[in-house]
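Next up: just one chain, as structure tokens, the form predicted alone.
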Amino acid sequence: MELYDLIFYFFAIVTVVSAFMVVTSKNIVHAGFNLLFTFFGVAGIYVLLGADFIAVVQLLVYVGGILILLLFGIMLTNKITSVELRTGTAHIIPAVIGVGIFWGALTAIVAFKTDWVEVNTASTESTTIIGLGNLLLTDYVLIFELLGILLLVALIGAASFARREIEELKD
């Protein structure tokens, strides 16, 4: 077993165990912090796959933005930190069936594997950032600009709705 395989198994175990802890945790703060380890594990797997741009976006958007906002929202709301989450036992049986089907399909794929593509990050000539940048500014420049305009319109619309609601609260 190579070092690459060991590192992959480490990130896979961290991701799966912390995701399981997110789902089964009864304390919402603990679930939020376990979600942090899940996001880091997924980013590590992206790095191993040679998708460095997606790994950085994973860290910036999910860990840096969404998770921190979620944790601040949980911690700044004093009533929600002591809430105990209850999960019913009625959801355990469908979850076990779903995991069993997924595990069986994964085992079948590994057992009957054909023509697997090997991931070799050392053979890549450039990073994915350069390739994505070239594609966004050459082949997909129109779509890129239209998405930028769409996001600007959505931002202006959200600001106008928020302003209208604030003015209604003042009256």
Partner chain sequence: MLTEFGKIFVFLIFAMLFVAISIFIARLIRPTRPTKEKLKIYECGEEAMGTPWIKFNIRFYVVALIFLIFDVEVVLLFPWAITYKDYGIYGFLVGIIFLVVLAIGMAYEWRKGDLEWARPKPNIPDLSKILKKKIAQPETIEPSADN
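Computed from a prediction, not measured in an experiment: that's the story for all the values here. Numbering follows the first chain given and starts at 1. Definition used throughout: the rigid core is the maximal C-alpha set that superposes within 1.5 Å between two forms.
The form predicted together with its partner chain is left out here; the points below concern that form.
Next item on the list: Answer with yes or no whether residue 168 is in contact with its partner chain in the predicted bound form, where contact means some heavy atom within 4.5 Å.
Entry: Contact with its partner chain, no.
Next item on the list: Answer with yes or no whether residue 97 is in contact with its partner chain in the predicted bound form, where contact means some heavy atom within 4.5 Å.
Entry: Contact check for residue 97: no, nothing within 4.5 Å of its partner chain in the predicted bound form.
Checklist line | in the predicted bound form: members of 3 to 22 within 4.5 Å of its partner chain, any heavy atom | finding: 7, 10, 11, in sequence order.
Note to self: Please state whether residue 160 has a C-alpha shift of 2 Å or more between this form and the one not shown, with the rigid core used for the fit.
What the structure shows: Residue 160 C-alpha, core-superposed: shift of 2 Å or more.
Check: Is residue 13 among the residues whose Cα moves by 2 Å or more between this form and the one not shown after superposition of the rigid core?
Finding: After core superposition, the C-alpha of residue 13 moves less than 2 Å between this form and the one not shown.
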